[in-house]
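Next comes just one chain, in structure tokens: the form predicted on its own.
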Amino acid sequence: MELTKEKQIDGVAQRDFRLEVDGQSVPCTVWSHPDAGPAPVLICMGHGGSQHKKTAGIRARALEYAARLGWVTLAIDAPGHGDRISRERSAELERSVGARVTGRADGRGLDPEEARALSSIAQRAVPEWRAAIDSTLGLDCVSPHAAVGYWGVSMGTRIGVPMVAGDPRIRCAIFGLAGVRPGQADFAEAARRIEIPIQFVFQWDDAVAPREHGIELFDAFGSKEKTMHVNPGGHMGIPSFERDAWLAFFQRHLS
């Protein structure tokens, strides 16, 4: 681990570090309360396509969890995202993905090329996430025996499902805005291996993840305790009140 930057935001410590995983330099960020002692809870947050580890929603919740509850939050940049590419390329990616998300109206979801690219990102990101969790549990701000939860929607679910399926440290997970496409037997099988509590958030009019694909993914989860929160609207329209449901879910299963 190489610590690259540290600062305080509203009384919360934000630490950036890098890991070397399979020959790749992986940028990571951890948020913690500097005076809370070793945190009993670690929340892992996976960003969506074209986003990055400090995207506004992730950072806002990480600051809240640290300030209010003394929890630690970990986020990393997925392959081809955030600090792993230039600012120009990041802005271009955000514009391109945003145009596709808001402009797609055919209801068929991702095209085959997009699906293959997402699968490749997930395959590379899973070992990176596991290494990042290993390193974070070795920091003084978090207990080595901390209860671990995962949150990630859209691309965060495509990466998170196989990662969570293979990591027994994770006690509960929040997924959403994703589904099982035809030909994704491996993804469905990973979901079947997940038996921890799951909360699944979904947009009923999502043209990126059509409803039948989302229902198939929810149905595939092997968890006895799983809940699907469905709201009207498109891919980018998750209501803000779902944030309260996410926090309540984590408190119920990790505190």
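Because the structure is a prediction, the values reported are computed rather than measured. Residue positions are given as counts along the sequence shown, with the first one as 1.
What follows is about the form predicted together with a further copy of the same chain, which we do not show.
When contacts are judged by a 4.5 Å heavy atom cut-off, T227 counts as touching a further copy of the same chain in the model of the complex. Contact annotation: Q24 falls outside 4.5 Å of a further copy of the same chain in the model of the complex, judged by heavy atom distances. Interface membership of F218, defined by any non-hydrogen atom within 4.5 Å of a further copy of the same chain in the model of the complex, is confirmed. Shown alone here, P232 lies within 4.5 Å of a further copy of the same chain in the model of the complex, counting heavy atoms only. Proximity to a further copy of the same chain in the model of the complex, taken as heavy atoms within 4.5 Å, picks out 204 to 212 from the listed stretches 204 to 212, 182 to 190, 30 to 38, 44 to 52.
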